[in-house]
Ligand SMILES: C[S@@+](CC[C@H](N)C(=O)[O-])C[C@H]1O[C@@H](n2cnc3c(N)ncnc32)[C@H](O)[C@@H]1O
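Here you get one chain, nothing else, as structure tokens; it is the form predicted on its own.
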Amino acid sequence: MKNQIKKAYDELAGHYHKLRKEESNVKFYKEILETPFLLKLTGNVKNKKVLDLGCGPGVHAKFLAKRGAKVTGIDNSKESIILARKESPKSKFFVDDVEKLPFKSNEFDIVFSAMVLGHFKNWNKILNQVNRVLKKNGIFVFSTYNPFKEILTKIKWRGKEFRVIEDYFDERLIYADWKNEKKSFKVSHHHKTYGTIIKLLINHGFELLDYEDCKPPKSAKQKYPKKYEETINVPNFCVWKLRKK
């Protein structure tokens, strides 16, 4: 499964990076809906050593570096890292396995991760590694799909369309089609309940400091009216802020 995701990111890295900068729907989800909450919960990063875990093409690394962070990024996609080095030239980037981090213990003040953990069925290895490389009282901030949003199903009844939650307690792989101009890939993420996520975080030595359901700002309503209406009542993403005990 990990190799399948790596292949998709390698093949789609350039296409995704271009969409994130130019395509309005992608810009809405990432730049308006998710990233502001990640940066808000991360807080002051000036002179902090920050690990961008699963850094992709370096967009978040660039944001963090502009705020004064000393950023190190890691991703298993070689093509994404090539883009990241151009996007944030002052940051350091490595192609490696996020479940086997090549860093010393107690090295980072903050670990930052956008939409990475959900690709893994088992979070034990990655959480152990995050805990290991964080300093004592270090901060871990990450985003995931909202557990309720990812299992919503559309149904029609009496000529109207409704969204209903189905099989919330069935923790399972959910597949999405990712495409560029030439290829399509089945990319998976693993649905977990809130209860499972919270217990995993506690059992791996973290305490919960803050949490946000990603809600669009009112300023987005005029420019992105359709996406605003779709997400104002149903959160697509959520962001978690934790501290290493």
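In this text, all values refer to a predicted model and were calculated from it rather than measured experimentally. Numbers follow the displayed sequence, beginning with 1.
Not on display, but discussed next: the form predicted together with the named molecule.
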### Message
Taking any heavy atom pair closer than or equal to 4.5 Å as contact, tell me whether Ser77 reaches the named molecule in the predicted complex.
### Response
yes
#### Entry: is_contact(Cys238, the named molecule) in the predicted complex, heavy atom dist at most 4.5 Å
no
### Query
Would Lys30 show up as a contact with the named molecule in the predicted complex if we use heavy atoms at 4.5 Å?
yes
#### Entry: Any non-hydrogen atom of Glu171 within 4.5 angstroms of the named molecule in the predicted complex
no
### Query
Looking in the predicted complex, is the named molecule within 4.5 Å of a heavy atom from each of Pro147, Asp167 and His189?
no
### Query
the named molecule isn't shown here, but in the predicted complex, which of 210-218, 190-198, 55-63, 42-50 has heavy atoms within 4.5 Å of it?
55-63
### Task
Give, in sequence order, every residue of 186-202 that has a heavy atom within 4.5 Å of the named molecule in the predicted complex, or say none if there are no such residues.
none
